[in-house]
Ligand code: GLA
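This document starts with one chain, in the form predicted alone, laid out as structure tokens.
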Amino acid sequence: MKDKLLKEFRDYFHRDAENIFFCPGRVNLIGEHIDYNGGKVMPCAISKGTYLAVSKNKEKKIRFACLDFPEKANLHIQSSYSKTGKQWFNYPLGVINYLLQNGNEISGLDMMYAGDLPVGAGLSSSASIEVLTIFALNELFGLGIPKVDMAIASKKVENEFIGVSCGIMDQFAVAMGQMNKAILLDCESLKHEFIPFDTGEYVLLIVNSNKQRALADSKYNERFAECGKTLKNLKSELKIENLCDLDLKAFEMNQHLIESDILKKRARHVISENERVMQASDALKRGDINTFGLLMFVSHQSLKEWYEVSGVELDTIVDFSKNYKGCIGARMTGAGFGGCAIALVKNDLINDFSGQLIAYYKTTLGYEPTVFESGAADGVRAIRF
């Protein structure tokens, strides 16, 4: 990818790139749909991501190009920018606008992006572009922005410039990722801990269902509203700020306060998933990857049964994984309704697992998933060449 990007940069801009940077995507290992309920999540950065070749220019222009999309832009430097349409370059443009609005000076730039993250698969390609851009400009112009602040700024760009109501998890994971570490993250306080992700004789596989997450945004908003209503019901008698302030025992004792069975199901997932995250953290700390795998299966069942954000594609992947002897854990990851699942598979059975899963999935659904390997990887960084 680096060599291809350097060549394409030279061909397009008629000069050599001075720098290359890389920012990964992410998966959430466990802890789904609890970040907006006061819970903790456990993401990690992955090996696939987005690359940026960049050079300064003296023409006071910002030029965007990308190997993955046909749209290009050639813009004069100005004091502010606004989003135009749905073109991919709105993401880096939003970052540049943020930096300018916060008093940073930027000169002309030639920027070419390329990635190997599947778009729409829930692996955070947008967060990858945002954090990549702010990291690169921080390096080029010596802005002195810490990585945590890069994540916060990128979230703000996503929320205010792009107009997507996301939390901090994606940007934080791709900025702060560490090799062979999971991140135990409190999305409100940003308190975090790096947990050893030692999978032993097992490998983390990512399975792209190849169904884009068409319903994810609308259902996300629906679940967000349901959780808010449930919290309001519980606060009629309980002094809590978030659903995750309760444990399962307290939930069982107080579920009569919740007005409907559907809202009870949502709360049961949220509260039990938060407890699973802490159990998963304890398991990883003591090197118990088998228990971690079991928690993955239980997490998926809860997302399917109680939170109802899975779907036939993701269930097909997890059902196959449950019945495959060399797989000790699998679950959907991300918002749901398509996107990706993850699985822990014995390292000498990767090809067999992948081949059988692809055949089973195609027989069931009529098309193939994509399977690739990825451990927990480092976050955003410069590539030396």
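Keep in mind that this is a model prediction, so the values were computed, not measured. For clarity, a rigid core is taken as the largest C-alpha set superposing within 1.5 Å between two forms. Start at 1 and count along the sequence shown; that's the residue number.
Form predicted together with the ligand: not shown, discussed below.
- Task: Would you kindly say which of Phe353, Tyr51, Tyr360, Tyr36 lies with a heavy atom within 4.5 Å of the ligand in the predicted bound form?
- Result: Residue within 4.5 Å of the partner: Tyr36.
- Query: Of Phe161, Phe197, Tyr81, Tyr220, which one comes within 4.5 Å of the ligand in the predicted bound form, counting heavy atoms only?
  - Reply: Checked against the cut-off, the match is Tyr220.
- Query: So, in the predicted bound form, is Leu349 in contact with the ligand at a 4.5 angstroms heavy atom limit?
  - Reply: Close contact is absent here: in the predicted bound form, Leu349 is far from the ligand, nothing within 4.5 Å, heavy atoms only.
- Query: Do Cys166 and the ligand share at least one heavy atom pair within 4.5 Å in the predicted bound form?
  - Reply: Contact with the ligand, yes.
- Item | the ligand contact at Gly334 in the predicted bound form, heavy atom, 4.5 Å | Yes, Gly334 lies within 4.5 Å of the ligand in the predicted bound form.
- Answer for Glu313 alone: is it within 4.5 Å of the ligand in the predicted bound form, judged on heavy atom distances? It does not: once the ligand is placed as it appears in the predicted bound form, Glu313 has no heavy atom within 4.5 Å of it.
- Item | Options 168-176, 231-239, 283-291, 141-149; stretch whose heavy atom lies within 4.5 Å of the ligand in the predicted bound form | After filtering at 4.5 Å, what remains is 168-176.
- Message: Is the shift of Asn28 between the shown form and the other one large enough to count as movement, that is, does its C-alpha move by 2 Å or more after the core is superposed?
- Response: No, the C-alpha position differs by under 2 Å between the shown form and the other one.
- Message: Aligned on the rigid core, do the two forms place the Cα of Ser321 2 Å or more apart, comparing between the shown form and the other one?
- Response: For Ser321, whose C-alpha is compared between the shown form and the other one after core superposition, the shift is less than 2 Å.
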